[in-house]
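In the form predicted alone, a lone chain appears below as structure tokens.
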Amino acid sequence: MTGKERVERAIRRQPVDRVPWVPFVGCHGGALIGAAADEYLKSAAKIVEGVAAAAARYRPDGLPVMFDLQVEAEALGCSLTWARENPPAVTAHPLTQGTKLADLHVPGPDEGRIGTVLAAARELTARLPDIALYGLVTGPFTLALHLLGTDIFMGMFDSPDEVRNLLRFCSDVCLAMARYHLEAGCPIVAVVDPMTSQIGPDQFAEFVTPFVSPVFDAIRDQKGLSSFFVCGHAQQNIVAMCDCGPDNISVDENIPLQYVRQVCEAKKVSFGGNLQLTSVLLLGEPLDAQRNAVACLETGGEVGFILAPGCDLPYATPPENLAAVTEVVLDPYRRDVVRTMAAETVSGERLDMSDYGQQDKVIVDIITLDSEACAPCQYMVDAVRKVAPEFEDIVEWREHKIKYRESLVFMTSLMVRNVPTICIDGQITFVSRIPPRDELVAAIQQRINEKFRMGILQRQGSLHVVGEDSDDMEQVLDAIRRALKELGGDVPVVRIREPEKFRDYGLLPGQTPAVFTVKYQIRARARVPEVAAVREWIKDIL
């Protein structure tokens, strides 16, 4: 059985001799041949060379021709920013810069870089006939975001008819691109729509299903197979994705594979994915990659499952990690060895976050895969970047790309589980959801107000005056009143008169009147602190 046959049979939920292996080699193909991503993704010859190198090294059953969700956007007039180790990012949206929807047309097969990827597809289908080649097209919802930007989220409420018109046009583009890939020889067309993770099932049914379902129907009518790719925290939409009529869906590690299997088996849809991109394939060791692969193989089962990473492989993914996955896919004995090896504990490296967020400024952290390579991450970072200047010097924002180990440690320390996520002063605030501008501003302002109130308390503190009423006590109180008047301040004075409470202050008979200063300091807010952190706080007051 060839790899192509194996993938096609798995997508159709037919018996296979083993689970197919499909590494999503995009710009990583450039790394394999020593070409930067911006050079690689503009050259049909280099794409062919990179995919061929991946086929030789990783012995896959299937591969994408190219993984770049900006190809259609570029052909439609979106401005791109290029990088050496990532696909390009959309940095300007035509429909926010004076272009009208009526000015746009469905691009032809030779416009922009569309001709580049189709030329590569034709060459690769001839050179690698035993490998299932995926033609990737940008899904309607993600393409609409490229054209309109995050204004689409408000438009879904304020002007839904205009958004539907835009999505109808994007669906037409998707239909055309799917046809181009099938005609170029790709047996499978993957509709990649990561931005759908930003909406719920009701919005999905209204703004995604009507515009993507015809694409899957058209692919089927043309004797092709289809896959629906999503990344991010999109568990709420898995049922809706299946109902759109794809032959297969593909997810990343944000969604439990067991849940995906249960839904897809009930819907008679094949499924794939779930190898961990960053913590394992990019930053782990070969043994980590093998353990992750074996766990996915055991969860996915042998019917209708394709082992794959959750999205485009990072450029710098160590080839030995991917080759290690190949080894356990092809060698049952190696799988048994990995299962029986003593489990190694995952590094418990964490930062002490006990005092994080207590400085004067409000810190907004965006934990991403990489905003230059991940569309949801890009739009979340853009949302923060746009509102931060409204707070002048009060707000400071930072992006933490978890493809770097230090950022992964930071993510773990904040107990973040999904990307992209926005944390405000160390508190998880928006998870895998790009907040509307007003909602983001309100969340930041709320934290500013909290800090202002607590700042007053911290600066102010209070005085506890302990003792029964007496002449000495009256002199103490008079001294406090005079001192406050001289300072022009107002500090709360708490009187403790009950003798049974004196011992709470460590006072014995005859040791009153006494004065204690009390200053407030936040040590933990809306979270359970670590025991080690609490121990340090207690040391300060013992």
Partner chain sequence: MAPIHVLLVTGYLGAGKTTLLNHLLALPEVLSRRPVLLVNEFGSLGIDRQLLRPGDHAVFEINKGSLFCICTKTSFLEALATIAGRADVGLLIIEATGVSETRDIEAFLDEPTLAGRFRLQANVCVVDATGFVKVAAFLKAAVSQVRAADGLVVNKADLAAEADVHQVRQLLQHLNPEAPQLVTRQGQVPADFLDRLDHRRSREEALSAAPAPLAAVSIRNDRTANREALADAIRTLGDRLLRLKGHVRFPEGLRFIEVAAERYTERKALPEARGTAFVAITWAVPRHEVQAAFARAFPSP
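Numbering follows the first chain given and starts at 1. It should be emphasised that the depicted structure is a prediction, and the values quoted were computed from it without experimental measurement.
The form predicted in complex with its partner chain is left out here; the points below concern that form.
Student: Tell me which of 219-227, 80-88, 183-191, 260-268 has residues with heavy atoms within 4.5 angstroms of its partner chain in the predicted bound form?
Tutor: Heavy atoms within 4.5 Å of its partner chain in the predicted bound form occur in 80-88.
Student: Among the candidate residues 287, 156, 441, 323, which is the single one with a non-hydrogen atom no more than 4.5 Å from its partner chain in the predicted bound form?
Tutor: When its partner chain is considered in the predicted bound form, the option within 4.5 Å is 156.
Student: Using a 4.5 Å cut on heavy atoms, which of 208, 293, 277, 377 is close to its partner chain in the predicted bound form?
Tutor: Spelling it out, the residue with a heavy atom inside the cut-off is 277.
Student: Using a 4.5 angstroms cut-off on non-hydrogen atoms, would residue 70 count as touching its partner chain in the predicted bound form?
Tutor: Yes - in the predicted bound form, heavy atoms of residue 70 and its partner chain come within 4.5 Å of each other.
Student: I'd like to know if residue 248 sits close to its partner chain in the predicted bound form, meaning any non-hydrogen atom pair within 4.5 angstroms.
Tutor: Flag for residue 248 set to no.
Student: Determine whether any heavy atom of residue 149 comes within 4.5 Å of a heavy atom of its partner chain in the predicted bound form, and answer yes or no.
Tutor: Answer yes; at least one heavy atom of residue 149 falls within 4.5 Å of its partner chain in the predicted bound form.
Student: Please tell me whether any heavy atom belonging to residue 400 falls inside 4.5 Å of a heavy atom of its partner chain, as the geometry stands in the predicted bound form.
Tutor: Output for residue 400 is no: heavy atoms all beyond 4.5 Å of its partner chain.
Student: Honest question, do 202, 254 and 282 all end up within 4.5 Å of its partner chain in the predicted bound form by heavy atom distance?
Tutor: Judged in the predicted bound form, 202, 254 and 282 all sit within 4.5 Å of its partner chain.
Student: Is any part of 164-195 within 4.5 angstroms of its partner chain in the predicted bound form by a non-hydrogen atom, and which residues would that be?
Tutor: Heavy-atom contacts to its partner chain in the predicted bound form: 164, 194, 195.
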